[in-house]
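Next up is one chain by itself, shown in structure tokens, the form predicted on its own.
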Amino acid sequence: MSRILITSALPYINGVKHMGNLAGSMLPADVYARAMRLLGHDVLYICATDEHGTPAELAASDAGMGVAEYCDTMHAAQAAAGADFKLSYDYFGRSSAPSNHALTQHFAHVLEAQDLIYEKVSKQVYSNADGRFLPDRYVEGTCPNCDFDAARGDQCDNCGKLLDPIDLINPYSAVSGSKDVEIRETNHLYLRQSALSDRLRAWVDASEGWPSLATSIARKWLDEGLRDRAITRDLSWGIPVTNPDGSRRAGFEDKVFYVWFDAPIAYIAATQDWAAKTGGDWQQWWKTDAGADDVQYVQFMGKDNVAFHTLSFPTSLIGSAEPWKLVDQLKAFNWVTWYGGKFSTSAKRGVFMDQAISIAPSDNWRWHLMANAPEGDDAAFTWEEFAVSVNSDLANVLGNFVNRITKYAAGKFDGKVPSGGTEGEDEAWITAELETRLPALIAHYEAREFRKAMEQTRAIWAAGNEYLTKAAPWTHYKTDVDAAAVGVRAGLNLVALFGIIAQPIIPDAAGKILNAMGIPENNRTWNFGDIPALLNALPEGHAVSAPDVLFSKIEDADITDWATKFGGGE
């Protein structure tokens, strides 16, 4: 048994997240956490809402609410959305929590003591129309490198070059669209990332098991020359900049820490809050001198978060000279795209978690998003492909198998696992399939290869259907009830097995299957040590039932209706 710490990129507070956000961090982290728990590992899955920064202020203003009230409301909404999608967080915290205030300020103090934080007067874009300094992402203009006319102040999405807002040609406010902007001087704290560039490169180079997407992004930033980064902003909502004695730092009374400095620290702070709630020991998960050296730390995120998790956050951890746990495995995802473009929270483009759960069960979404996980490249979402996943994989393959064998057992064998008969070549065939496919499935989960894990899961379900075709107990029943009993007994045991392996990905359907098979909740782990015995795991005479319809098919009319309501196909 291993101890595995899992974090997924913090969902931002400015609205319930869209399905691209879900597929790129929270859902795969949950699937992995569930799989590792079933394998017997000690898992701690931590997440939180990311609540600071200009977008939170703007979203609150648009909602006609104070920022704190807005964040309270949206944290509750995001927690509810996570529960709707069966995200099995051990703790879902908040970056605005007092614990994160204290820990962020602590990091700033110790990093400054290590000469890794300094004050610097910098030039920043100020919007006269908005009456505020604009964060990098809220300045847009023409890229000086490729002439793309919609480059953001932090990075050009066209050529990928990292930018400074003051480098943009013809800059304007992305908040109001106003071109009435000017460059003003403002004093900020800077994190001396450049001083740790060599150590960070060596750490990235030594990483094992990271997808090339993650390492390539980190190395790109390092190759371009790692720049020191401002860790404060001219805002009122956020974590105050303090002295070690707790007083406000002179000259920084109207400034707070930059959201990208405090947000990753919230992983640790949320773990502290989990410990306060449960009586657990947070240090054994985060401090290497308290036992965390034996922890495997796995992070999940979209590709836009990679640089901060491979460079900025590690700079804080390493630079503190304190024994903090660094990430061991970093799973990065590309985008899930929406009909040729990006999902967008601010533009309300795509389908969002609260909308999605109103039109289809969470299992349907979980399966489709992971079966089409954006691991090697961006993955396009369409209503038509969503329907194919649900109808073909869930309804036709898994649902059909469970339905026909359980109903047959209920009708011909009084709803009990039958006895009698001798196993033959058909049972040897399905056993061989399982001996190959079950270890492969576990290996894919352990390697965080979600598409492959879903492919293997579907292949195992399909093998069950093929077994029933071969064994044909309904044909044998006419002349040899014992021969039919063999096929039904093996089929019912396959139903139980299929419910077991479905738990990480479609937990609601898995629960219905395992309840119908009469398997108690404390006996639903993955125990595949003796695969031939799996076909006889349920005792003879054990009562089973036929579950209600597991998956309703998606009709063409549904697709038309959803496209009308939420867009798609344009």
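Rigid core: the largest C-alpha set superposing within 1.5 Å between the two forms. Because the structure is predicted, anything quoted here is derived from the model rather than measured. Residue numbers here begin at 1 and follow the sequence given.
Missing here is the form predicted in complex with the RNA; even so, the following discussion is about that form.
- At a distance threshold of 4.5 angstroms between non-hydrogen atoms, residue 376 is in contact with the RNA in the model of the complex.
- A residue is said to contact a partner when one of its heavy atoms sits within 4.5 Å of a partner heavy atom; residue 225 meets this definition for the RNA in the model of the complex.
- At the 4.5 Å threshold, heavy atoms of residue 395 reach the RNA in the model of the complex.
- Proximity of residue 237 to the RNA in the model of the complex falls outside the 4.5 Å heavy atom cutoff.
- The candidate stretches are 349-357, 78-86, 151-159, 167-175, and the one lying within 4.5 Å of the RNA in the model of the complex by heavy atoms is 151-159.
- Though the RNA is absent from this view, in the model of the complex it lies within 4.5 Å of a heavy atom of just one residue from 220, 277, 248, 184, which is 220.
- Residue 138 is the only one of 138, 286, 450, 365 with a heavy atom lying within 4.5 Å of the RNA in the model of the complex.
- Using a 4.5 Å cut-off on any heavy atom, the residues of 530-563 that reach the RNA in the model of the complex are, in sequence order, 549, 550, 551, 553.
- Annotation: Cα of residue 441 displaced by less than 2 Å between the shown form and the other one, core superposition.
- Once both forms are fitted on their core, a CA shift of 2 Å or more is seen for residue 160 between the shown form and the other one.
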